[in-house]
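Okay, so here's just one chain, in structure tokens, the form predicted on its own.
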Amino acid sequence: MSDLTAGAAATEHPATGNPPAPGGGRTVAAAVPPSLVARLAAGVTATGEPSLVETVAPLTGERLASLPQSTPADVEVAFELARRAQPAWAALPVRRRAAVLLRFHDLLLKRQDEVLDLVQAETGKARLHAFEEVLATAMAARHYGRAAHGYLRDKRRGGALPVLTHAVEARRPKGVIGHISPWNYPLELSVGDVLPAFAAGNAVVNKPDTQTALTALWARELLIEAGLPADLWQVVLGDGPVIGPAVVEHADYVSFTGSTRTGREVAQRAAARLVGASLELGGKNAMLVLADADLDRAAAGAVRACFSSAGQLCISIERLLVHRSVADDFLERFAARTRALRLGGGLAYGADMGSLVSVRQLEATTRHVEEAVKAGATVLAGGRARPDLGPYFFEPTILDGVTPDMAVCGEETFGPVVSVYRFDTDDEAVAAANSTPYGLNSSVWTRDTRRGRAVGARLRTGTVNVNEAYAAAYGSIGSPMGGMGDSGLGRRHGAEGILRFTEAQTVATQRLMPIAPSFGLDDRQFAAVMTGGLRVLKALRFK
């Protein structure tokens, strides 16, 4: 670690900046005292004498928490407890379940400073980026608190025989959801994803990443305060390759956010048991700056798109496609804004970007940048680690002259690094954006919004933002969000975000006569009557 950061810091780049943000705010030790850790850790399902794993605060490198680790046997216990609690919860009217989400919404906004401290302490991100998690989670709670009844209510469907057949589509809960959530957005991707599962009448066994488990445990505690039965949300911790398969083995449905490689394994295990899964996986997201874009607005948007949460955002932009006619002007503005970003680790607002989460992320980011520079890429801004600020800080970095043979071109960096590419036509830009197996998010910038939507419609990504980085699509909670291709299966948000946690059931009631020969008709006569009836129904435009 020390050799890596020292070497990166010593690398000479002429176009660097990134002054430290003003100090202030509480220390990690003050914000996350041992008493809080002990209280939250009590929510982990871990029996006997569990082994302990220590986590580190990325901002400072100091010890953060010592957390109990679950075993596969503990996972089985967690599912048993959740399965016992689920039927009584499912028996409640949807509006009563949804009311818990609305109370949680209010508690979250009221006590947001508590969880902002936790998110910063566990991830190292800037406070404004931590607030984005509060914002997204509150929006999800409000949406499903208000809309769950409409999504889940029985719906009348066309029957086999008009008037004579009464058909209803009903939605039943899956049972117990196995939810595996990552470290990068520990509030939004833990509780934000399980809120619709609870509204649909399910229980949840959640395996958050140990590094950010305190945030998930805090959210569980707050949801219980809002009225959720305690046994309905079980939390297990442990090494992914050990505990993850145990979660999938017992779940009635699996929700997973993480790497594409691990997502394939989760999908295979779920498929072997014939249970469903939704997977949000990796990405190599592109931002397209068209020739008519407002360059100042696009440059400001690119800063948000590329460097929010130090680039450790699933929908972060890592490829910047710029029309050749405006590339120089745009890059001058973008690089100036990037060099001016203030890096900092205080538990207060003020820093523009925080830290990477771990030495692993620092090593991956450093490798991509150093290999690209060695192969001929040019650093327009950033390009080095900043151990003077904290153990895992890395400057927001813009690389020009990246070629397909460089790892940073095709591999997901998941750090504050973006590569620049030029294009001459919209067709060329669309082809470049679609040249990756991933398809999670994209961004299009133009003064002509109709043109922006038309270009966006040609991009193979689950979400497209026109004149915004990622927040417009992600924050539209009533619309689905997810990936195409290697970026995953299924969707969160909107109708799909809650219906994935249900089984569809059709209940059809037949009146007066059976759908079979009757009233003295023989088989041939019955077939003739039904044939005529089908022709009449088509002529009358029945569906």
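All residue numbers are counted from 1 along the displayed sequence. Values in this document were obtained by computation on a predicted structure and should not be read as measured data.
The protein also exists as the form predicted in complex with a small molecule; that form is not presented, and the subsequent description refers to it.
request  = Heavy atoms, 4.5 Å, the small molecule in the model of the complex: which of 407 to 415, 225 to 233, 167 to 175, 450 to 458 makes the cut? Say which one.
outcome  = Of the options, only 407 to 415 has residues within 4.5 Å of the partner.
message = Whether Glu265 contacts the small molecule in the model of the complex should be assessed with a 4.5 Å heavy atom distance threshold; does it?
response = Flag for Glu265 set to yes.
ask   = Might Lys125 be said to contact the small molecule in the model of the complex, defining contact as any heavy atom within 4.5 Å?
value = Although the small molecule is absent here, Lys125 would stay clear of it in the model of the complex, with no heavy atoms inside 4.5 Å.
inquiry  = Since only the chain is shown here, I'm wondering whether Trp218 would be in contact with the small molecule in the model of the complex (any heavy atom pair within 4.5 Å).
reply    = Result no; Trp218 lies far from the small molecule in the model of the complex.
message = Please determine whether Gly283 contacts the small molecule in the model of the complex, using a 4.5 Å cut-off between heavy atoms.
response = Looking in the model of the complex, residue contacts with the small molecule include Gly283, since a heavy atom lies within 4.5 Å.
task = Note which of Leu440, Ala203, Val289, Ala385 lies within 4.5 Å of the small molecule in the model of the complex, where distance is taken over heavy atoms; exactly one does.
result = Exactly one residue meets the criterion: Leu440.
query = Looking at Gln120, Thr397, Ser355, Ser181, which has any heavy atom no more than 4.5 Å from the small molecule in the model of the complex?
reply = Spelling it out, the residue with a heavy atom inside the cut-off is Ser181.
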